[in-house]
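Just one chain follows, in the form predicted alone, and it is written as structure tokens.
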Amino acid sequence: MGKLLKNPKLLVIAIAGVVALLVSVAGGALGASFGLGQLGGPIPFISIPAERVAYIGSYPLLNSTIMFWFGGIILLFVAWRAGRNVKDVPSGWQNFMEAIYEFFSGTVDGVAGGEPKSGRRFLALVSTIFLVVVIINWVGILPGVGSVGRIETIEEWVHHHIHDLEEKVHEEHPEYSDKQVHGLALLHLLEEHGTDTFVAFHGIWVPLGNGEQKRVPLNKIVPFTSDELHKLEDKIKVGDKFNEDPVYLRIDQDIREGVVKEVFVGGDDKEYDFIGKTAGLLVPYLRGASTDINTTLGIAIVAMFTVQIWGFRALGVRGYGGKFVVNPIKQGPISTFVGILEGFGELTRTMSFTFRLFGNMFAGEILLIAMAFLLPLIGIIPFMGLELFVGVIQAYIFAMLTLVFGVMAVASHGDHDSHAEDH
């Protein structure tokens, strides 16, 4: 404490840190409980599947795909800079890439048997997996990822959620027409999700202070009463031109407009007047590629498919395939069962690869969102450092497991050679 008082710079830094912490606490969700929360914002829409942001022809461009391409461009740039002007005494990017190469070169040789160049068959895939995974993990926490996006309108939201209800209504009432099924499904959607809340956008912005306490219920965007819905339901069931009913037309128009229609009471028991403001959900334009299970599954399939190729090339079709397909007459039922387990084990390894990386990175994304919600200014900073570390560790684990599985796939070939030399 004495050193702090004697050093004005440290004292200023400490005071600034304390002030930032107090402002962050007061401006976030914690402060909102006491009538503050001026820096808070609503939690963005969280979805396990990646969201579509645009179409390129007939190709749906997903927000995770953009970040995967972005990570690939960065890797290509680094490779270009490293190999543009190769020198005998490396420096800069060349030195960086050579350091990574030497590290993995020594690692694969050590795991494969310790002899020089014994693991070179694994080097390209293992090092590539590490670089790809680490870069898509890191770019996934850049500013703007997960917080800048488009508005999913109420009409889009209804379209996404009504499909399952339509199937349910059709199963219960197969005699109804498609219009009747759609009408009943819409009424059920309003009844079940009338209290679901949405963000009120001021143009394309969500102003600071519009936190979770100021989210608008669906029944204030598409106003209705239980009596109106029951009367409409009766009309739909008899098919009495329900789509010309004034209440049905009003509900349909309110869904298409997607703006707040009534004053509402927020989660903090205060009354808010957002009438005329656009309501919807924030769908991010950018999302970390490794938080999309399709990305991690794709990398896992490439890794395990290559492992099988290594096994077949090293042992041959009969040698490597023999551990999966066993003749029950010659080798017995137990060996046959073991062969089935071996094949099942390869599938479970693929799934383990997929969900290990996806689970860790998706959980990290949720953690960052939660800390930014609780402590808007500084809460996210230490956890961003943690995510950088986790990103490297997960990339290294993925690469090393690929290497270990590859060595296991060709291990019998090495054993066979050693026995041949002994004889």
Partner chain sequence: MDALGITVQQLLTQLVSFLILFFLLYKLAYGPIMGMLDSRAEKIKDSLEAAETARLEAASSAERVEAEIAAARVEGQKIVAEARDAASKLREQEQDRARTDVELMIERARIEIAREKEAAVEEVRKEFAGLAITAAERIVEGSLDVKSHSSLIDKVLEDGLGERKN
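Just so you know, these numbers come straight off a predicted model, no measurement behind them. Numbering follows the first chain given and starts at 1. We call the rigid core whatever largest set of C-alpha positions still superposes within 1.5 Å between the two forms.
Beyond the structure shown, there is the form predicted together with its partner chain, which is absent from this document and is the topic of what follows.
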inquiry  = Considering non-hydrogen atoms and a 4.5 Å limit, does its partner chain approach residue 65 in the predicted bound form?
reply    = yes
Practice prompt. Report whether the minimum heavy atom distance between residue 315 and its partner chain in the predicted bound form is within 4.5 Å.
Written response: no
Classify residue 216 as contacting or not contacting its partner chain in the predicted bound form by the rule of any non-hydrogen atom within 4.5 angstroms, answering yes or no.
no
Item to complete: May I ask you to state whether residue 129 is within 4.5 Å of its partner chain in the predicted bound form, using heavy atom distances?
Response: yes
Its partner chain in the predicted bound form has a heavy atom of only one listed residue within 4.5 Å, and of 233, 172, 196, 98 that residue is 98
Its partner chain in the predicted bound form has a heavy atom of only one listed residue within 4.5 Å, and of 294, 180, 278, 308 that residue is 294
Counting only non-hydrogen atoms, the one stretch of 180 to 188, 225 to 233, 296 to 304, 257 to 265 within 4.5 angstroms of its partner chain in the predicted bound form is 296 to 304
Near its partner chain in the predicted bound form, with a heavy atom at 4.5 Å or closer, the residues from 354 to 381 are 355
Residue 95: after superposing the rigid core, is there a C-alpha shift of 2 Å or more between the shown form and the other one? no
### Message
Taking the rigid core as the reference frame, tell me whether residue 352 has a CA displacement of 2 angstroms or more between the shown form and the other one.
### Response
no
